[in-house]
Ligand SMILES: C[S@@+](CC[C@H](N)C(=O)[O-])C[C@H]1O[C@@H](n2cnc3c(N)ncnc32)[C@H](O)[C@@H]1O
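A lone chain, given as structure tokens: the form predicted alone.
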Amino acid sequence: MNRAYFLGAGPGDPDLLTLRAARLLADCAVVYAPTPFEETFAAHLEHKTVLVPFNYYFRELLDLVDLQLESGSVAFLVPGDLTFYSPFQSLVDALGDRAVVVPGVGTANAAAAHLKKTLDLPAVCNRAILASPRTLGDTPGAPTMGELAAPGVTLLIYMNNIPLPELAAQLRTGYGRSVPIAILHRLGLPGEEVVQGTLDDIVGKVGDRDFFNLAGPDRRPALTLVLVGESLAAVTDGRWWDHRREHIWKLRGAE
């Protein structure tokens, strides 16, 4: 049976594609690649039919994939990963056993690696929350970004549609003070920009750059991730390491 492979493609950097995904992609003659992945993955897409999935209505796309699967397997390059805010779940469900999902390096993972930070750092952050004001706004009574923010929380904000001054004010209310914030725009793609600061100075550092595409004519969600919380600036010594060495790791080694 030919398969439709949904390949986690991370933020769009082809170097972050897993070995399994690269092997499966090489065997597919038809690839669905959201913009700008058709450019960043160009070396992997030579001599293939490359289509943009968002150019089709759902039923139209499903019928086309059904037809293509008669001749061979098909690949979808999934932005980030299927895990969070992926529009491909309905296709995976409709294709059933013919769909195979291959995990990739999600954008949150790539962002943490870029910043060289553990987002749930012990004694600094006790939980990490992924959220989007766009999806929160779909549900009456859903919490605001300010209500999700709190001391000890690292927030990862996808598809932000709140003007940065308003977002920073909401977050400052939740945290009760100014904390570190990082804005990662087009991470791993041409035009990448990363701006780091605090809730007090980030608006001035960003200036008039429209990282969230709030002024654009199509208002599409921008390829921008926001991370905020104390863990972004925390510096730790070796005490936590030695505590675990003494009370956990050493005991395991003795078994």
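Note that residue numbering follows the sequence shown and begins at 1. Because the structure is predicted, anything quoted here is derived from the model rather than measured.
Form predicted in complex with the named molecule: not shown, discussed below.
Trainee: Looking at 42-50, 182-190, 23-31, 62-70, which lies within 4.5 angstroms of the named molecule in the predicted complex, counting heavy atoms?
Mentor: Among the candidates, contact is made by 182-190.
Trainee: Ala222 near the named molecule in the predicted complex, any heavy atom under 4.5 Å?
Mentor: Ala222: contacts the named molecule in the predicted complex.
Trainee: Does Met159 reach the named molecule in the predicted complex if we count a contact as any heavy atom within 4.5 Å?
Mentor: It does: once the named molecule is placed as it appears in the predicted complex, Met159 has a heavy atom within 4.5 Å of it.
Trainee: Would Thr154 sit within 4.5 Å of the named molecule in the predicted complex, counting heavy atoms only?
Mentor: Because no heavy atom of Thr154 falls inside 4.5 Å of the named molecule in the predicted complex, the answer is no.
Trainee: Could you pull out the residues of 100-134 that have any heavy atom within 4.5 Å of the named molecule in the predicted complex?
Mentor: If the 4.5 Å heavy-atom criterion is applied to the named molecule in the predicted complex, 100-134 yields Gly106, Thr107.
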